[in-house]
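As structure tokens, one chain now follows by itself in the form predicted alone.
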């Protein structure tokens, strides 16, 4: 294949560059030319994909929904990490707060992360609405600390933890991967923080293309990514940094994992970038 495959990704952390260097070298060493473009935010990446300036975008779930809705469904999700399936949001509080369910949040301060984060803001607000008779019974406090990154940095979620520890809010929403990381890294005194709600599962990131992209490029990219050997040291290093065990095809079943987010983004007027 003569054409260089141009892939877009967002630089939300210094580890992003070595991840895509490894993937680029993996393709180039096997005779397929691939390069990548780094964006500072997902909104620019969505614009470049929809205008055909890049071939493939490594998108968050929010960026996927925007691509799908803004193109009238003329995009495809090729594959994703195994860890992007059945992703969840977790609500946390201090263990001595007497908050044991969402209904206990009435009259309390509840923190949401960045407004463009599916796991820490968009879907948690929906879950609160479903469980409470009146969302205004809860005082929402927002931490928009990494807008444009769709929550990838996790900064707003760590801000929520700090606010809970310092009694500035009573509880808050974070992604389950951040919750696991907080526990593993001992980011709060043992037993001081607990979770009281875990959401239903939904899907997170995927590789998005326009459905008009050359079928051979789609086929070659998908097959080569799926063929990566997680036991090969350099591939294992990349997968550890990117947080996956293996790549998986995005099928109709996985696409259903974006339906609730799509519905919620329409309700919250988030299909287009509002910030």
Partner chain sequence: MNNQNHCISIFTGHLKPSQALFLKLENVFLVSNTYEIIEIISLNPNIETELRGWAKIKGHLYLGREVLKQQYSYKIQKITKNSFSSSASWNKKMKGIETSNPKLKDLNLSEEILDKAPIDNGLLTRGIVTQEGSPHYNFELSHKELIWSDPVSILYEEGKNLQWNATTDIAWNEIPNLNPILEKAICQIMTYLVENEFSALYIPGKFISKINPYYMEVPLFLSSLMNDEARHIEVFTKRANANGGGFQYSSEVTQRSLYSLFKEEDYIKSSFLLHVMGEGTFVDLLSFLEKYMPDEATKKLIKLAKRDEMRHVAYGMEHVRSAIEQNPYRINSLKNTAFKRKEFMDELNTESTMLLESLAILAGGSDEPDDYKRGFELVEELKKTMNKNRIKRLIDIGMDEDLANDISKAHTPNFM
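Numbering follows the first chain given and starts at 1. Small disclaimer: the values here were computed from a predicted structure and weren't measured.
From this point on, the text means the form predicted together with the partner chain, which you will not see here.
- Proximity to the partner chain in the predicted bound form, taken as a non-hydrogen atom within 4.5 angstroms, holds for one residue of 183, 135, 147, 163, which is 183.
- Proximity to the partner chain in the predicted bound form, defined as a heavy atom within 4.5 Å, holds among 72, 101, 198, 98 only for 198.
- If you check the partner chain in the predicted bound form, you find no heavy atom from any of 55, 218 and 222 within 4.5 Å.
- Heavy atoms within 4.5 Å of the partner chain in the predicted bound form are found in one stretch of 171-179, 152-160, 116-124, 103-111, which is 171-179.
- Contact annotation for residue 191: at least one heavy atom lies within 4.5 Å of the partner chain in the predicted bound form.
- Residue contact with the partner chain in the predicted bound form: residue 236 places a heavy atom within 4.5 Å of it.
- Contact check for residue 141: every heavy atom lies farther than 4.5 Å from the partner chain in the predicted bound form.
- In the predicted bound form, the partner chain sits within 4.5 Å of a heavy atom of residue 245.
- With contact defined as any non-hydrogen atom lying within 4.5 angstroms of the partner chain in the predicted bound form, the contacting residues in 51-90 are 82, 83, 85, 86, 88, 90, given in sequence order.
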